[in-house]
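One chain follows as structure tokens, the form predicted on its own.
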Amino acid sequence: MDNFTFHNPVRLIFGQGQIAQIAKEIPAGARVLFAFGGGSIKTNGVHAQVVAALQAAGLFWLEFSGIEPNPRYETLMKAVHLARAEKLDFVLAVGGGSVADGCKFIAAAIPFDGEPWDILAKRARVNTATPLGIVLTLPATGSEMNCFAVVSRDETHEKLSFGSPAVWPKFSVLDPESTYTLPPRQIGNGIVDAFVHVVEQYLTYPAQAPLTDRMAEAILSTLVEIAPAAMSNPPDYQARANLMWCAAMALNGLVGAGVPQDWATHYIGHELTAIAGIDHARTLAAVWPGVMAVKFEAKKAKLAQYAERVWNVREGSVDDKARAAIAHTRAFFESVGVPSGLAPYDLPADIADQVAARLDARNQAPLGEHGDIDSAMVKRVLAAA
């Protein structure tokens, strides 16, 4: 088991009707930037609940809408300029992971002294940020309970990440009923996103961390168990509640404590989103089989453990179990409507070269828990996928 420091200061407010609690959580006298995506929060009742809570607290707020899936730097900077001009001092993100990520960047950029793009492109240090709260409407990324974010920029066709303790949310509200109007595609994407977040921290090599392993396996097993009900219509409250809790737990630092982590699937997937516009979760399901194929020997011991504990595969050799685990996982992705592998996507013939070159240009390769997935191996991963 590796050394680690675990700290998570997010106040998580969970359950039906809990959006009203933000009236108690935002500081008195705050001037609030109320940021969201499209119009869905107005049709599902979340917007009205947030407004009622802000009114109950007697707060001043300005709305900013239009934060996209894969939030765009160009859009987020409009919110930054608004917040600066109006002296707004609290950011309230209402939406899914993209809105949460975008608002983390907004919160970091408002007081930033310099070019805000440097936060992403140059890893400029974020020493302070405008306080941030989140009302989550789409369980997927886990952004509601961590201090990381991913932002895209049209001008440079990049999708980059940053993290800072300054952007930990002060609170996050998770009401499962806010997910009821989501289309099946978004629920399926959310399930896969949460699932791959866990396997990126779990499917590496044995690290003598049985408790951390079993916490990861518990989330994976729960996602498999609840997926059919979570996808159902009319929505099942308990299934959506457990999905929200799984997604938050998947990337709040707990299942990465004391163990090696991979993240190659994510880095490669980000490039596919930047180049081809594929949904983030779908890039994960597309790339993951390729990573498993190329790194099979290094990962097979953990894959076999995963086969036994999550998929109840008891027969066969280590290799047999490891291959069964991959097959079961791919079938699971497909069962929630997310294609496994790159075949369904109309990608340019040189996509592997493009992805490898972009990772090299930013010194992000080599990838993986062993730091051995170089640009040549990235091409092999995409070919295998």
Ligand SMILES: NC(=O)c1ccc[n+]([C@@H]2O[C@H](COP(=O)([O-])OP(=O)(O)OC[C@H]3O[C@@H](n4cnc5c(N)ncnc54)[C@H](O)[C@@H]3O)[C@@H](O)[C@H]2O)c1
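In this text the structure is predicted, and so the values were computed from the model without any measurement. Residue positions are given as counts along the sequence shown, with the first one as 1.
Keep in mind that the form predicted together with this ligand is not shown, yet the notes after this line are about it.
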item: Residue (of P183, P206, P165, P228) lying close to this ligand in the predicted bound form, criterion heavy atoms within 4.5 Å; value: P183
item: Option touching this ligand, based on a heavy atom within 4.5 Å in the predicted bound form, out of L138, A286, A79, V192; value: L138
item: Residue contact check: A274 to this ligand in the predicted bound form, 4.5 Å heavy atom; value: no
item: S340 within 4.5 Å of this ligand in the predicted bound form, heavy atoms; value: no
item: In the predicted bound form, S335 touching this ligand (heavy atom, 4.5 Å); value: no
item: Exercise: R282 in contact with this ligand in the predicted bound form, heavy atom 4.5 Å; value: no
item: Output flag, N44, P71 and F148 jointly within 4.5 Å of this ligand in the predicted bound form, heavy atom basis; value: yes
item: Which of 192-200, 114-122, 82-90, 291-299 sits within 4.5 Å of this ligand in the predicted bound form, heavy atom basis; value: 192-200
